[in-house]
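The chain below stands alone and is given as structure tokens, in the form predicted on its own.
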């Protein structure tokens, strides 16, 4: 299985993914092997979302822990996908379903319903959504902008809470 994964993934692609995501060569080949086992249609994508391996790796890269040597990286280089800002932007986009750069009450309700299912009544969910927007919305537009989202989470250790240790 490991040899199949490495033959389908070209060395140039591995190098590009390494630069883009910060994963090591062995992590990429191991994750590629797992990705291909999930690819039931054997067409290089995960069927429901049509996520290809590169997109899969970009998503996982947001959850890489920030290593000490990454904190003092070249300031002219683009911010890594696992930076605090990019982790927050990733989380924000999970709620901003219509991609209009703000989280509305309806979007918040949709995500809450997906998270809790039928375990909480619509009235309780509405109350949670209203309270969340009331606490986060500083400009009075009844929605949460990315800057307001950042402000609400400023004391949260996002770097730790949105990190998964991957094997080397």
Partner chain sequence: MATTWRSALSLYMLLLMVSRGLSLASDGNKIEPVDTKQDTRSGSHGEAASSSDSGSEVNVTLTTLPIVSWKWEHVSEPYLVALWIIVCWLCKLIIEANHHVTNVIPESALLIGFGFILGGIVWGADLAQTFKLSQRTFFFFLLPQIILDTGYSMPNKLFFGNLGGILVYAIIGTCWNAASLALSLWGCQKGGAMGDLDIGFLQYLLFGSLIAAVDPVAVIAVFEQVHVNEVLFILVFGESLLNDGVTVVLFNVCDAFVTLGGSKINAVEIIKGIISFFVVAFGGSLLGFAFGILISLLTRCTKNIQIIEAGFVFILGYLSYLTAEMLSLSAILSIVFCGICCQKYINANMDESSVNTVRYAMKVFANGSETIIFVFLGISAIDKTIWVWNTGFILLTLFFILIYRFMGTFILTWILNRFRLVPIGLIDQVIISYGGLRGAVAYGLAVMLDETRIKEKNLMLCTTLIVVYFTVIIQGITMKPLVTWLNVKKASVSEDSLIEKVQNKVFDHMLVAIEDISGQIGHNYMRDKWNNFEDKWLSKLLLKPSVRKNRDNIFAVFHRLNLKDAMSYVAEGERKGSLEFIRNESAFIDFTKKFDDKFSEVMSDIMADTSSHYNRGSSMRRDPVPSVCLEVHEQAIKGMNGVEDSHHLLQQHLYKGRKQHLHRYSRSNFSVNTDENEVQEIFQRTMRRRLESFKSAKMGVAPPKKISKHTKKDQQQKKPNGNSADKCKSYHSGDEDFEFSEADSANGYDVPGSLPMRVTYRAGAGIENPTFMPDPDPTASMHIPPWLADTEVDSSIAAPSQRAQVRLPWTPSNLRRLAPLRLSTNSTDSFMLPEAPATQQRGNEQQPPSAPPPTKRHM
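Positions refer to the first chain, counted from 1. Just so it is clear, the structure is predicted and the values come from calculations on it, not from any experiment.
This protein has a second form, the form predicted in complex with its partner chain, left out of what is shown; the following refers to that one.
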query: is_contact(residue 132, its partner chain) in the model of the complex, heavy atom dist at most 4.5 Å; finding: yes
query: Residue contact check: residue 102 to its partner chain in the model of the complex, 4.5 Å heavy atom; finding: no
query: Contact label in the model of the complex: residue 144 to its partner chain, heavy atom within 4.5 Å; finding: yes
query: Residue 65: touches its partner chain in the model of the complex, heavy atom cutoff 4.5 angstroms; finding: yes
query: Residues within stretch 119-136 having a non-hydrogen atom within 4.5 Å of its partner chain in the model of the complex; finding: 119, 120, 124, 127, 128, 131, 132, 135, 136
